[in-house]
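Next up is one chain by itself, shown in structure tokens, the form predicted on its own.
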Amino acid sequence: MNGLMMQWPLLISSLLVHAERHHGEQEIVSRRVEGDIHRTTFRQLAARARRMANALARLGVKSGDRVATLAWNGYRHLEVYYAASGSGAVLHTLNPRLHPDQLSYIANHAEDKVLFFDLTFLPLVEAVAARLPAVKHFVAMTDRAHMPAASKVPNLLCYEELVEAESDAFAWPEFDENQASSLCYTSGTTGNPKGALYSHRSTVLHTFAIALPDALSLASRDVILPVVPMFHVNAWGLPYAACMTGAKIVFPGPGLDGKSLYELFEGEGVTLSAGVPTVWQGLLGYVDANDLRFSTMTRTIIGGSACPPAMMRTFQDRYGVKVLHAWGMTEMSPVGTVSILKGSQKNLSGEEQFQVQCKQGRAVYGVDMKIVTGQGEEVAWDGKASGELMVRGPWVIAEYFKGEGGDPLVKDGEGRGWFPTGDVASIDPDGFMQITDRSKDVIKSGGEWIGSIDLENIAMAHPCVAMAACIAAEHKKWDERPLLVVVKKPGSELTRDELIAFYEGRIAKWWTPDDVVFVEAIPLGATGKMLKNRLREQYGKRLVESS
């Protein structure tokens, strides 16, 4: 017997329809590439998204076609988000921080039909345009007054002219909620990037989940500023959640430096922000140097890589900003866990609560997880034993776009598929998961594992350290030993011996790094993560060569 309820497909367009109808006057604020601050509303967003949907149809975009963007966080990017997916096309966000060769590979692999881009990226588009045979139209996301006087891009279209030429009369089509909605590619640090193809159903369910009180706790009274780019797993779902909840959303555009971000936080009354640790280093450095405080921001989501405890203490103890430590992956849409304390933990001491917060957190509803040994046996949730983290759920991929890499899932005894994350983790009895390393980054010394993240966190707690990475270096006796690669804070006189001594009493002695390399900068990937593979290539034989 079936239930007697209305059948309404879960479509991304429904989020925009809801926002227009119930939160129409809510503000959307953007710092534009043109240099000014732009203000609009959800009602205007909906009307312009319908105009753009008509423009896409006029450009020949059909259901299932890929529509690419190469853009910062801004209102025009948001309009394309809804116009593309809502009309039945597939939104494909390209990462402008990728090498042109990788960018060309991804756009060609996706078979993008239209490419929208911010003027910042005109040189990049000019460099790759001739290598993108599938792209029929290039659109500069600006008005006629700011269009480039000359360009190597053939038949370059103007975004605002496309919008102005169309009517806002457009009925969002209704189709199967399992239809593809958007496409994001992995960072591809090893091998070619692979595409995660999300559905309307998976995206809407993910949006419901991240808004929950025990997840990101989003509400209409919030003012959200996503520092995480809209080209990085759809800004962790925040552009969709703002429409669902009616929260004001503030887009920083290209201004991701500490000064620009702080001015937007204060000027727009931001209550919640989100980004990777490397971005927050710049913000905290600016705030500290100028003796500033946050007057409205009460919490920030930190993900992408583990948040150093020292950074968490600075946010919470010095500035009164609660850190929501989160974990996820491109293959998970991306949110999987958030470190929100349970009611049973409210009576823990402040330090005990902090130690829980430092973990990546517990699964949000919709995500199941387990840790397994190399033989596939499930590991107990005791907070001590570790193994490879595996996940499943309605917004976790079943396979990559075009079947790249074959079937990624691992079947259990019941024939159910689990996605292997590549992370090494433990889970405590309360269900809080803690990443101890990436499986490719773990250090195996004399047959025993050493977690690089723990060693990095200790280094980051030193007042003279700006950034630290720990890698496995070859060793004649122990196979591998930990090697620290460190960026010192400006003016610091920190020495190798002083930093090595800093580890005393904080870890088991045999975990102590064998050496320290001081560098000007640590290479970062397209999403702000440290590229340890490059560090291993450069310094992986240092201990052997120096012995």
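Just count from 1 along the sequence shown to find any residue number. The shown structure was predicted, so the numbers you read here are calculated from the model rather than taken from an experiment.
Below, we turn to the form predicted together with another copy of the chain, even though it does not appear here.
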Any idea which of 305 to 313, 388 to 396, 128 to 136, 113 to 121 reaches within 4.5 Å of another copy of the chain in the model of the complex, heavy atoms considered?
388 to 396
Whether Arg481 contacts another copy of the chain in the model of the complex should be assessed with a 4.5 Å heavy atom distance threshold; does it?
no
Contact between Thr186 and another copy of the chain in the model of the complex at 4.5 Å, heavy atoms?
no
Using a 4.5 angstroms cut-off on non-hydrogen atoms, would Pro100 count as touching another copy of the chain in the model of the complex?
no
Considering non-hydrogen atoms and a 4.5 Å limit, does another copy of the chain approach Asn192 in the model of the complex?
no
Between the options Asp407, Glu174, Asp143, Asp317, which residue brings a heavy atom to within 4.5 Å of another copy of the chain in the model of the complex?
Glu174
Which residue, Gly383, Gly282, Gly417, Pro254, has a heavy atom that falls within 4.5 Å of another copy of the chain in the model of the complex?
Gly417
Candidate spot Gly64, Ala219 and Lys346, all three in 4.5 Å heavy atom range of another copy of the chain in the model of the complex?
yes
Just to make sure I understand: among 245 to 262, which residues lie within 4.5 Å of another copy of the chain in the model of the complex, judging by heavy atoms?
Thr245
